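In structure tokens, one chain follows: the form predicted on its own.
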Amino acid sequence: MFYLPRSQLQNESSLSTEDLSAVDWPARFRELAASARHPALQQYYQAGVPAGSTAMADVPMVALDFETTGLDPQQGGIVSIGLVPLTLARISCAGAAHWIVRPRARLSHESIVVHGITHSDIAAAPDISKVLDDLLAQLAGRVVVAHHRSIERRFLNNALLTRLGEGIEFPVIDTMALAYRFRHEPGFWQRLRGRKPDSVRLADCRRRYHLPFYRPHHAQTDALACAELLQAQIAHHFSPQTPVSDLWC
């Protein structure tokens, strides 16, 4: 996860008001399965997604996290991918995966400082196109879970557009968007005294649920952290019978 500056997080307020149930994802996947040209994308869409009415307790999910060269998918690229399959009842660490991939964009000094992946680390790494079949196979049939979904959606879409000539669409349960739903908003007098809204950064969200601290900026660890956070959010704020369409977007 590329951790956003606090100032930029303040500009993400639209996440809290976005319509999270506007897309009929099963229908959209059927359309995309018919129009996709690349075999791996065809297979991904043909696997489908659960119906929107499916209870969260029955939804197969996969927490996904990218480390990137920056925040702009048009100028940057993915340098590492971490994923962890999960359900509400279980996190499958045995099914976790992690890849370091070589971006087409140069690593920025800032990104190296953040995630510690250097030019020598990526020198012999494959292009993301070489791991695409395995990545899409891991995502197939599962709902993606991410913290700040625009990073995973936009970077993966742009990576496929530049390599395959076609992008990718997928539903996401965004733990940051859920955090916006339930974060404490200070009242008038609290704001006068300098109290700010609760942070929606991954580590801060986890702390509020008494989840342990994990060293950040490793894609696989951040994916695991995101998976655990979702389980905590569901346990505290929703029923396991909540339809997935109430949470995905």
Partner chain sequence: MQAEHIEIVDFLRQHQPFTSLSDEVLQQVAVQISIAYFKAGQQILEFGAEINDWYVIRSGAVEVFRRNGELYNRLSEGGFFAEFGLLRNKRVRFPVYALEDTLVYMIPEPLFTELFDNNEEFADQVEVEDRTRLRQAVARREDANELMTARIETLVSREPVLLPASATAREAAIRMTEEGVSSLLVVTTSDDQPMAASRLVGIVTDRDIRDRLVTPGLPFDTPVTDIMTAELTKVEHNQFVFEAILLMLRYNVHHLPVIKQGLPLGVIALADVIRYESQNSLFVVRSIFNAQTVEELTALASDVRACFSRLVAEDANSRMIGGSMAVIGRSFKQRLLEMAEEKFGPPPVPYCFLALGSMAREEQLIVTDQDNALILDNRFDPQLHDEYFSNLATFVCDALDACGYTYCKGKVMATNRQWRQPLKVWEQYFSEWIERPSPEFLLNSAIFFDLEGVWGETHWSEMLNDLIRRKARSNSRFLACMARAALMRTPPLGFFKGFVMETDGKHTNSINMKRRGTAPLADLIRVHALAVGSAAHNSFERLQDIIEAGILPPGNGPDLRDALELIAMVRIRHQALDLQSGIEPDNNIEPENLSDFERKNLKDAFQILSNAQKFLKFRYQPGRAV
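Keep in mind it's a predicted model, so treat the numbers as computed, not measured. Numbering follows the first chain given and starts at 1.
What comes next is about the form predicted together with the partner chain, which does not appear here.
Of the candidate stretches 27-35, 62-70, 187-195, 219-227, only 219-227 has residues with heavy atoms within 4.5 Å of the partner chain in the predicted bound form. A heavy atom within 4.5 Å of the partner chain in the predicted bound form is found for exactly one of V114, A96, L160, A140: A96. Within this chain, A105 is remote from the site of the partner chain in the predicted bound form, having no heavy atom within 4.5 Å. Interface membership of K130, defined by any non-hydrogen atom within 4.5 Å of the partner chain in the predicted bound form, is ruled out. Interface membership of H119, defined by any non-hydrogen atom within 4.5 Å of the partner chain in the predicted bound form, is ruled out. Using a 4.5 angstroms threshold between heavy atoms, V23 stays clear of the partner chain in the predicted bound form.
In the predicted bound form, Y209, H210, L211, P212, F213, Y214, R215, H218, Q220, T221, L224, E228, Q231, A232, A235, H236 are the residues of 209-238 with at least one heavy atom within 4.5 Å of the partner chain, listed from first to last.
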